[in-house]
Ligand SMILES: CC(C)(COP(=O)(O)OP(=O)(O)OC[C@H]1O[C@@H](n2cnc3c(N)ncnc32)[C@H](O)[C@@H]1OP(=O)(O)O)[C@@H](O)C(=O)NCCC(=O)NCCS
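Next up is one chain by itself, shown in structure tokens, the form predicted on its own.
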């Protein structure tokens, strides 16, 4: 893909070829166990023309797309996507972000992050509610990962760092495995990253971070105290703290070095 100015816009038509290209890129950039069904996202896109912040209760969801300016209507040129929402009474949640391999090192991820933060700020302004932070998850490579997978993880955490995200060190956020029919299947362990917005970074002490992490479980996954994934994510002796996002990509098992 030749170097060109990247533009970002919101999808409003689930049948649009660019939105359908996003579905393909979604499957290419995320492991199956991390993905919700794409039709859930399609329903959000279809509902955007009806939903208005401050007038419709619940989440305000957005699917953002990115492409070179002169190929914004070419599905083969789709460079990236971001999907997330403003959650009333909680904060911002960036569910998924992905960049096509051919579009790496073009600033696509940074553009998507910036536009997503701006969009949620607009949503919060229209509702008259605060936007204390935006939080997102990412899957760190596990045992048996290749050096290339660790290199990609390091690059991803550097992107998070450039976007102003901070790593919630000390928390392995356990989420459901979306490919498993068995509720007893092993959960997916994710790392959390947070960008402070309406609250300064210093306000996110261990107690505040435990509230944020617990709130993510309650608001997104509908788990609370007493549920195994909630309790294992937030053990009583856990002490979460904010650290530069790029530090999450530094440590890897010796076998992967």
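Note that the coordinates shown come from a computational prediction; the quantities given were computed from them, not determined experimentally. Numbering follows the first chain given and starts at 1.
If you look for the form predicted together with this ligand, you will not find it shown, but the lines that follow are about it.
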Are all three of 29, 99 and 137 close to this ligand in the model of the complex, meaning a heavy atom of each within 4.5 Å? yes
With this ligand left out of view, which of 174, 86, 108, 166 would have a heavy atom within 4.5 Å of it in the model of the complex? 108
Exactly one of 152, 121, 145, 72 comes within 4.5 Å of this ligand in the model of the complex through a heavy atom, and that residue is 152
Using 4.5 Å between non-hydrogen atoms, is residue 160 touching this ligand in the model of the complex? yes
Choose one stretch from 58 to 66, 29 to 37, 226 to 234, 198 to 206: the one whose residues place a heavy atom within 4.5 angstroms of this ligand in the model of the complex. 29 to 37
